[in-house]
Each structure stands twice: as C-alpha cells, then as structure tokens.
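Shown here is one chain on its own, the form predicted alone, set out as structure tokens.
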Amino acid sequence: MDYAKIDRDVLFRYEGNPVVCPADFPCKMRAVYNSSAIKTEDSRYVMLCRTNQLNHMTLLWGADSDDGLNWTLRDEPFEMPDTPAWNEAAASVYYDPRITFIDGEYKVLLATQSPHECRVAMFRSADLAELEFVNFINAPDNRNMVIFPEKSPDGRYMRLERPNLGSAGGKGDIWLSYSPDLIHWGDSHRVLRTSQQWNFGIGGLGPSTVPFKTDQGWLIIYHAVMQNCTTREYSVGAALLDLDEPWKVLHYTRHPILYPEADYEMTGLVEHVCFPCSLIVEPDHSVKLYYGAADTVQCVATGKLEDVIHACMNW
C-alpha cells in the first residue's frame, strides 16, 4: 500500500507564541502578522513587522531581539515614501516584507496593493534602522518575491516570485527570474506547480523565505493554500532546488511541515493560517521559522535543518 510514512515532527511551536501581538505596540493596533526577521551581520535579530491599525491600514514597524524569540518594538514605524507613484501603488495596503543581505547591504521587498493589483517595491538599508526606497521591480500582478542571497553562476541576481492568474482565483505557481541589476527582470522559469501539491497546496503557492544554500540544494520554504468547504487553509511546505539551475526542483514535500493547529492559528481575523515569512538558520543548524498566525499575531517555530531537509527528500 502506498501512503506517506511520516516519521517525525519537523517544526515545533515556540512555547512563548505569539511572540508579537497587537497589544505590544505603543499605540493601539488591530493585528500584526506575516512579518520578516533576519539575523544581522553583527548577530542582532531584526524583525520588520507588518501591523494593521484599527482601520486595517498598514504600518511597517521595526522590532529588535537578542535571541530571536523575545522582541522589543521600536518607538515609531518606518517612514514610507510620499510620492505620487508610491501613493498610487500602495493606495490600499503594503505588506509581506522580505529581507535579503547581498552586496553588503539589506534589500527589503515590500508588496503594495492598489486597484492595479500588486507591485513589489524594493528598499535598501545598511543597518535596517531606516529604509531607502529604490524602485518598483515589476508590473502588476506579481507578488511573494524573495531575492536569493547569492548571484547565479553567470553573475545575475535571482528571485522567486508568484505571478497571479485570474483563472486560478488570483493564485498560481512559483517562478524564478533573473536580473543584471535588481530592477530589470526576465529569463523566467516555472519552478513548482500547484498541481504538484495535491492536496494541501492545490489552491495556490507562494515563495516565502530567502533561499538557504545547503549541500543538497537551495532550501526554500513556501506557503501552500488548500480550499476547504468553508475557508482556505494556509500551511507550510519546503523544497530543495538545484544549486546551479534553481528552477529545477530536486525534492519537495508532499505534506505540510507546519499546518494550522494551535488556537492562535485556527482563530483570528482570517482563520486556519500558518503563513511563513522568514527562516533563520543558526550556526548549529537549528532553525527559526517566523510565521503569521490567523492574520492576527506573529509566531515562531523551531527545529533542525536536517529534519527540514529530511522532509523534503522523504515526504
């Protein structure tokens, strides 16, 4: 009989979850979720928090930590651009920050939403104390972008992305594109299809964390959507991509490595959501996966790199 012999848990919810809540902010907030964390070059932890005000308009708010688990929010949110182009692109909301360290600085991607659908804005920063807007890096409608921390063997930048398909209900597959300068993108390849994700990702996929280079390939974490009878469930999947041709999938999980189960994931503004945002791999190969729960609070799960790779290769 052919069935999955799941032999271990891969990720474990931190007992202090949620690690950031709306009540933690210095002024009233409705929600904080889908926030991205990184361990800096000087071993600090910084999180860029997507937080919603009471009317659900967004702010991007910084937080700092010594251990990646206990967070202190800064006094004020980040200053966003005030230009006609930004105000049009972000007329509705901005969200889903992703942080990559490359070229000796931090590149931050931030999705923006307007009646034209989604464009992704790129910022740069030396230390994540302030953000400098660079440019928009796509025409609508494309989102869930993450930049690789290294260039390709031929010297180009690489990113994962999720073009949206109207025929797929605004969801779609994971793709990879190349760029000579981080602004102009092309030479695109499909990476992972929703049709490969029966059943927990059949409703849509999206790259979520900056790829991490391992001996077995580029490790990526993605969110996967399943349509239930009354709601959509967001779970966490993982895959290993070829190091030289990363549009080629070597292994991927056919079962989620984290799925909504805890009360704070099952109940909130959007129910049944574990939405991965960033992955930190420590020197001892332990991992911290930061994820949004129920579009309400920010959480972290911990585990071992070897177990995530095991799931990719065996599940």
Ligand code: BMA
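Everything quoted here is computed from the prediction, not taken from an experiment. Throughout, we count residues from 1 along the sequence that is shown.
What comes next is about the form predicted together with the ligand, which does not appear here.
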{"property": "Single option in 106, 86, 178, 95 placed near the ligand in the predicted bound form, where near means a heavy atom within 4.5 Å", "result": "95"}
{"property": "Within 4.5 Å of the ligand in the predicted bound form, all of 50, 171 and 295 (non-hydrogen atom)", "result": "yes"}
{"property": "Location of the ligand contact in the predicted bound form, chosen stretch of 57-65, 281-289, 29-37, 243-251 [non-hydrogen atom, 4.5 Å]", "result": "29-37"}
{"property": "Touches the ligand in the predicted bound form: residue 119 (any heavy atom, 4.5 Å)", "result": "no"}
{"property": "4.5 Å heavy atom contact, residue 159 and the ligand in the predicted bound form", "result": "no"}
{"property": "The ligand contact in the predicted bound form: residue 257, any heavy atom under 4.5 Å", "result": "no"}
{"property": "Proximity of residue 46 to the ligand in the predicted bound form, heavy atoms at 4.5 Å", "result": "no"}
{"property": "In the predicted bound form, residues of 129-161 near the ligand [heavy atom within 4.5 Å]", "result": "143"}
